[in-house]
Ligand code: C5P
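Next comes just one chain, in structure tokens: the form predicted on its own.
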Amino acid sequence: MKKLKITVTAGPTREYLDPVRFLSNPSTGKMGFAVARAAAERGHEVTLVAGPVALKTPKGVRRIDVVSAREMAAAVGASQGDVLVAVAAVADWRPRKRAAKKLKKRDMAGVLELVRNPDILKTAEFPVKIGFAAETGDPAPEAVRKCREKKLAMIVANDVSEAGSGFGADTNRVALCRADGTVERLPKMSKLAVARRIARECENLRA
């Protein structure tokens, strides 16, 4: 088995409005850290680009901590490797302006102007790119569409509204979705078990 250079993104990003307020999501980073661990266990060189999470770095993994989507995009862009596994729940939007000091209630207009963040998966240059998609309801149709649109090898999709399959859970039920419309639905299993399957998919897809 050839040793691969694999970059994994994990956790949320934070998009600050002022020094104490930000836009984010409930991602804990568990799934991404599990993927990094599983890939390192198989002897690959792993770089983990992590948003703000409270998790220990897996053994044998190089970690880069970031906060915002733009910071994550820069870290991924600077990585050179064979496979990108984009597990992070990246904020799609950020406030147009960030205040240097805490905004007072009396100074806030009640309308927040947003601008789009960079699409890391779409713009990153890796031979093999694997995405993750958190949906509500059957995730497969939208995942297949995104796979084709962003020219990905695969999207790992899950229904976050299902018990034991959402943010913060230790288990996950995912579907492996490919651009040709192939969908492989896995049973509910631990996130580490899912991660080990994804690590094997990295090898197969790169080969």
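The model shown is predicted, which means the values in this text are computed figures rather than measured ones. Residue indices: 1-based, along the sequence shown.
Another form exists, predicted together with cytidine-5'-monophosphate (C5P); not displayed. Remarks below refer to it.
In the predicted complex, at least one heavy atom of Ala88 sits within 4.5 Å of a heavy atom of cytidine-5'-monophosphate (C5P). Looking at Gly81, you'd find every heavy atom of it more than 4.5 angstroms from cytidine-5'-monophosphate (C5P) in the predicted complex. Taking the partner from elsewhere, Ile120 is found to have a heavy atom lying within 4.5 Å of cytidine-5'-monophosphate (C5P) in the predicted complex. The closest non-hydrogen atom of Phe132 lies within 4.5 Å of cytidine-5'-monophosphate (C5P) in the predicted complex.
The putative spot formed by Asp92, Lys146 and Lys150 is fully lined by cytidine-5'-monophosphate (C5P) in the predicted complex; each residue has a non-hydrogen atom within 4.5 angstroms of it.
Residues of 15 to 39 placing a heavy atom within 4.5 Å of cytidine-5'-monophosphate (C5P) in the predicted complex: none.
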